[in-house]
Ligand code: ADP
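For reference, the chain that follows is the form predicted alone, supplied as structure tokens.
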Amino acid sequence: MMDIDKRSLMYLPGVGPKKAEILRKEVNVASFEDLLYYFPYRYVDRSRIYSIRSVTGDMPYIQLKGRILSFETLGEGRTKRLIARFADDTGVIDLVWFKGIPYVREKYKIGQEYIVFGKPTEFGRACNIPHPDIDPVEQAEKVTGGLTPFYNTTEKMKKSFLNSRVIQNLQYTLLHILNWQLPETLSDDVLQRTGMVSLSEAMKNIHFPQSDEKLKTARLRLKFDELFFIQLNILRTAAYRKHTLKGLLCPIVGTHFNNFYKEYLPFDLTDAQKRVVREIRADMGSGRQMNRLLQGDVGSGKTLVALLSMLLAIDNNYQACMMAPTEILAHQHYVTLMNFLQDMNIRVVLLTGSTRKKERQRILPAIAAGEVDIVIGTHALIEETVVFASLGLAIVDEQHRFGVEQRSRLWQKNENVPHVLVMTATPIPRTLAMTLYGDLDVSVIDQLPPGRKPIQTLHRYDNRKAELYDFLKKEIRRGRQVYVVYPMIEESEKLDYKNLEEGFEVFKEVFAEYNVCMVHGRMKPAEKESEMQKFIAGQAHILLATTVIEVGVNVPNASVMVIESAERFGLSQLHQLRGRVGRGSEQSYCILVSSYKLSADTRRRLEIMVQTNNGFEIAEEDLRLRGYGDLEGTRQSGVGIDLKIANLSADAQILQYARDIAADILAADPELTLPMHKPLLDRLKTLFAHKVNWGRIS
């Protein structure tokens, strides 16, 4: 049987080089296998034929049977269109084409009987059907056989005559060439245990469903397949790493750790922080390489846990480093660590893109000679000029903002792979964590430090600004500071900057007796830093900003976060922004300002923000509302998630089931060397052969 994953689509009858190139560029379909796994996004029941008299403009797709009475071309240039009068025994309806007019005139004949399929639209008081599918009545049996698949197509594809109907025909041609038989990807033991239909049966019924029931079983099989092989790959990679990668041994809990814990700790650790520190200590003392994901809401005390981990490395004569995504955040981590460490004999340096050449010439040899204990930095840390004497622990903050290749260059700084702690304040839903970070051990800080009050979140409409301004003035009089955040969306950047600048003028006028400053992405770094410092130092009362403050600014005195046009932000982003306040012991507020006209989904998003401060609940809801594809960072996670049919929010049970079965198989046959598991090994090689194995990285 041919290797369908390697067979170029240009060799499929009806495709050719030109169409193959369009399919590759537009929808990433390049091989026979890619086409088979290009699934319909929905199905329409074509078993019913409607009468023209019953057609209304709000109906979904419909099917008619009748004759073309006449053709007429109207309009000129861009408004040119072809209209066919189509009739059955009950009435007449217009069929309309704006493109391919000569082709339609040539192909369809007046007086012949056809089956017409399309979506009616209302035009004036009458209905018409633009660009319908038309088949001779002799083919009725073929086209009206129940569920018809619909495939996503782009404008470029349609212009090259690659519409949904053509894709369907190509699927039929391909399956026919393959004799409707595909090599099985699951082993017999998995098929028996799950009771799934064969891959051939599933593929046939996903593209040409014989019934609703058969479509359901086909979907289940293909979703299971997709999730099962991702989990099998992740768990196999994790097992391989645990068995083969020796970790740097850090058994000593020594002077630095104990001294800091007893003398310098600013407050008692929460039970959650203590639990996580115990997990990290066990990892670093085990002789295996630590690969741990630390999740915790903004303000939950991750930086303190990171510092204790670094002190463990230092007690065992290793260096530690911490990489942050922005200079502001790296600088903040540096200041925070220096405040924690006070006069302890720990040598800490900051290395970012804007570190001066003279300073670099002093810092780099010191790192290479082992005279520096902790290096805090940005991407600058992964430059080849940065050489460590003995890097024992690498910490990456807000890791989803780094591409995996960038992170991998950090781990290559040592002959022996250092321990890895990946931190994120973006709560990751369980299903996403299992798929993106399934090979990492996960720690969660799910408590706020003592004395912190939950942030109170309110939703206000933008026609009630006067009340909002009064509330802000009251908070400022109490000695507090205020953030005001404006959206910054690429498509409407000019408009967004205009809104921000207009907002700045309004705030300067309304709050004339106070200092108002502004920060946005178009500013020069020095200008941005200067404005930011005014706010951090308390010289400015109100900071207007775009989402540059989403990650990294810690101003305990700022107690109010106003989010303008809150309807334009995703849930996780709103939650991240809200986390910028509530850093002190005072009651803090987050005020979501939106227009009155909101879609049901948007209203639900804002309601969730008002109802809960729990980042994990918010992340689960965000996944449910938006789907995993939009969640920040998943595309550069390195696992190469490109789900064709499964849905992480809707298919959590299938995912867990797939993971359990994958774990059982690997427990019995870790290398998949048993003859019965050959299909699994072959499929893994096909699926993951073209991907770099980032499993060793994080």
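Bear in mind that the values here come from a model prediction, so they are computed numbers and not experimental data. Numbering starts at 1 and follows the sequence shown.
As for the form predicted in complex with adenosine-5'-diphosphate, it is not shown, yet the points below apply to it.
Comment: 300-308 is the region of 360-368, 300-308, 183-191, 106-114 lying near adenosine-5'-diphosphate in the predicted bound form, near meaning a non-hydrogen atom within 4.5 Å.
Interface residue among E213, D268, E502, D441 relative to adenosine-5'-diphosphate in the predicted bound form, by the heavy atom within 4.5 Å criterion: D268. Think of it this way: in the predicted bound form, adenosine-5'-diphosphate has a heavy atom of just one of K528, H379, K223, R452 within 4.5 Å, and the residue is R452. At a distance threshold of 4.5 angstroms between non-hydrogen atoms, Q273 is in contact with adenosine-5'-diphosphate in the predicted bound form. By the criterion of a heavy atom within 4.5 Å, K508 is excluded from the residues contacting adenosine-5'-diphosphate in the predicted bound form. Mapping the unseen interface onto this chain, N554 counts among the residues with a heavy atom inside 4.5 Å of adenosine-5'-diphosphate in the predicted bound form. Mapping the unseen interface onto this chain, R583 counts among the residues with a heavy atom inside 4.5 Å of adenosine-5'-diphosphate in the predicted bound form.
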